[in-house]
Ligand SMILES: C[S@@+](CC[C@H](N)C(=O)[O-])C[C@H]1O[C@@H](n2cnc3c(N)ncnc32)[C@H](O)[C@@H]1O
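As structure tokens, one chain now follows by itself in the form predicted on its own.
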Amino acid sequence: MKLNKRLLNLSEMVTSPYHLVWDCCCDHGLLGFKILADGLVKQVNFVDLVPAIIDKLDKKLSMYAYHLPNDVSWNTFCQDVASLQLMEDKHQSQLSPIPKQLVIISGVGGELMIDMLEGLMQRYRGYNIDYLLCPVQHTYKLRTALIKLNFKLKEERLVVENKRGYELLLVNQVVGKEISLSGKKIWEPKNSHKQYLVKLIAHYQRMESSDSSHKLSQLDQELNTKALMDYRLVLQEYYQNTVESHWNVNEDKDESLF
């Protein structure tokens, strides 16, 4: 089973023998299937809101189950991620030295991901549960929300595939380090990272100068301005003396990232 670069990196970040992994917005189910095939995790629950996707996935899992270890199992759920029933015993979840559950949310925008997490936090705030997140856009806004929800960072990566950048964040509300809004630790002196950063800066420049910017809420306007400042600082601190002496953020007009 061949995974794309983004899904492969997500699977590589599942390094703990969780009792249960939730593969949310699972679509084709390749990520959860890879996690089961690796054998470290014994149970994966696949979640998607689209009935047709779950029906198709049920058939696919049954058809290819012979590729999986004999001691693994799975379930499928057609429901909203925000309504998932994760665990009931908060006391035990906080006493556990390692998280027993991992919730993966990938392939959706950062704003929708925020809604999902806020829904879950109404019941599971402060629980020792890991969340592995990979938004397709609005990552800065997601990071801002994670900080407000008191999440902490355990690991993060930047994956660039087909000229699109994906930030992968493993977070928890009990253990971890402070989350950086601009992801200061993910930036490496690679041309692909440079191109992603240039596009981020160009995007927020357009947002600030756009005629429709006045239609945004005051909070979103302030967030966009701060994002532009933070990404410019990343450019200055991490690339000025390592890759090129100067980059023109207007040189790349490709808006495919957004």
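In this text the structure is predicted, and so the values were computed from the model without any measurement. For every residue, the number given is its place in the sequence shown, counted from 1.
Another form exists, predicted in complex with the named molecule; not displayed. Remarks below refer to it.
Asker: Only one of 186 to 194, 62 to 70, 44 to 52, 202 to 210 gets a heavy atom within 4.5 Å of the named molecule in the predicted bound form; which is it?
Answerer: Flagged stretch: 44 to 52.
Asker: Can you tell me whether residue 158 touches the named molecule? I mean in the predicted bound form, with a 4.5 angstroms heavy atom cut-off.
Answerer: Output for residue 158 is no: heavy atoms all beyond 4.5 Å of the named molecule.
Asker: With a cut-off of 4.5 Å between heavy atoms, is residue 111 one of the residues that contacts the named molecule in the predicted bound form?
Answerer: Answer no; every heavy atom of residue 111 is more than 4.5 Å from the named molecule in the predicted bound form.
Asker: Even though the named molecule is not shown here, does residue 79 get within 4.5 Å of it in the predicted bound form, heavy atoms only?
Answerer: Taking the distances in the predicted bound form, the answer for residue 79 is yes, it comes within 4.5 Å of the named molecule.
Asker: Check residue 116 for me: does it contact the named molecule in the predicted bound form (non-hydrogen atoms, 4.5 angstroms)?
Answerer: Yes, residue 116 lies within 4.5 Å of the named molecule in the predicted bound form.
Asker: Exactly one residue in 58, 38, 27, 220 has a non-hydrogen atom within 4.5 Å of the named molecule in the predicted bound form; which is it?
Answerer: Checked against the cut-off, the match is 27.
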